[in-house]
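Listed next as structure tokens is one chain, alone, in the form predicted on its own.
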């Protein structure tokens, strides 16, 4: 049972950090459905770098850098060109799915490095996830930068008139978001499950995307949702530990994604928005073109 709890907390860390990145981007009005693709790039390039150099630090740094570059690419299509944000995000996911398979195949197998030391039995990234959640909450809720981010996500026209650069603010957010996603992917491949395999992120990016909506764009609620889905994922891997002989493990593997779908459908209803006050940024997914 102790191992189950630890692995659940470790899994929740990855969901938390990836979803925090997406939350930052969405609060500025930029939707990135390519979270999975960014995580795949971060996981694969981080794994390759750590394998070839023997350095975890370089692996994490490269993963963060590639995540930031992909965020910049998404920003170029979505902000500068004013393109469809969903199409751009899907393009990043498809690119990540195909390209990481090609470049990662020669490195398939275990990482071959000593495991990252735990802290009180937990991954050190669990504590990083808590710290990042607190920082993101504080920045968005209690700082002028957070006010600018929320302003461009709600009404970019008014924000621009007030002297806020919508373009600069959104670029800052999408690059930061990409860095978080790249880091989450590296944590998956270098700490949580240090074995490279084809498409090994297994849909975690889409769960992270759903968590942002589940959290109603609140970082504190988000970390609670991450703990829930981290536990559900571990149950799906080893259901006999808690619920012996109830269902096949293959059916359990679908449970996190089924719950994700049901939750998104529920949150799309007028009843849920009215009762619980989901605070979706008004300009989310909308391109902004500065007039004059």
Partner chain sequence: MRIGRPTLKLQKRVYLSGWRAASISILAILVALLLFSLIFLLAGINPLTAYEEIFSYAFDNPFGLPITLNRFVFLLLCTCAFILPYKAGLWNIGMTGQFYIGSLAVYGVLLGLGFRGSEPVNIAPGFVILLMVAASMVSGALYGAIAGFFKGKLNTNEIVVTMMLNFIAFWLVSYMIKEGGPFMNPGGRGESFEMAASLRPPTFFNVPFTIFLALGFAFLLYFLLKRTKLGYQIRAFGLNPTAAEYAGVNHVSIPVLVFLLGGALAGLAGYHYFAAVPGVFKIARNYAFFGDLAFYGIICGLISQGNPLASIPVAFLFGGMSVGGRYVQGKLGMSFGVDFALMGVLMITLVAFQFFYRYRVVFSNPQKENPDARILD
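Here the structure is a predicted model, which is why all the values come from computation and not from measurement. Residue numbers count along the first chain shown, from 1.
FYI, the form predicted in complex with its partner chain isn't displayed, but the following is about it.
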Which of 167-175, 145-153, 125-133, 85-93 sits within 4.5 Å of its partner chain in the predicted complex, heavy atom basis: 85-93
Counting only non-hydrogen atoms and a 4.5 Å threshold, tell me whether 16, 137 and 194 all contact its partner chain in the predicted complex. no
Check residue 56 for me: does it contact its partner chain in the predicted complex (non-hydrogen atoms, 4.5 angstroms)? no
Test of understanding: in the predicted complex, would residue 121 fall inside 4.5 Å of its partner chain by heavy atoms? no
Quick one: does residue 216 come within 4.5 Å of its partner chain in the predicted complex, counting heavy atoms only? no
Indicate whether residue 51 is a 4.5 Å heavy atom neighbour of its partner chain in the predicted complex. no
Neighbours of its partner chain in the predicted complex among 22-57 [non-hydrogen atom within 4.5 angstroms]: 33
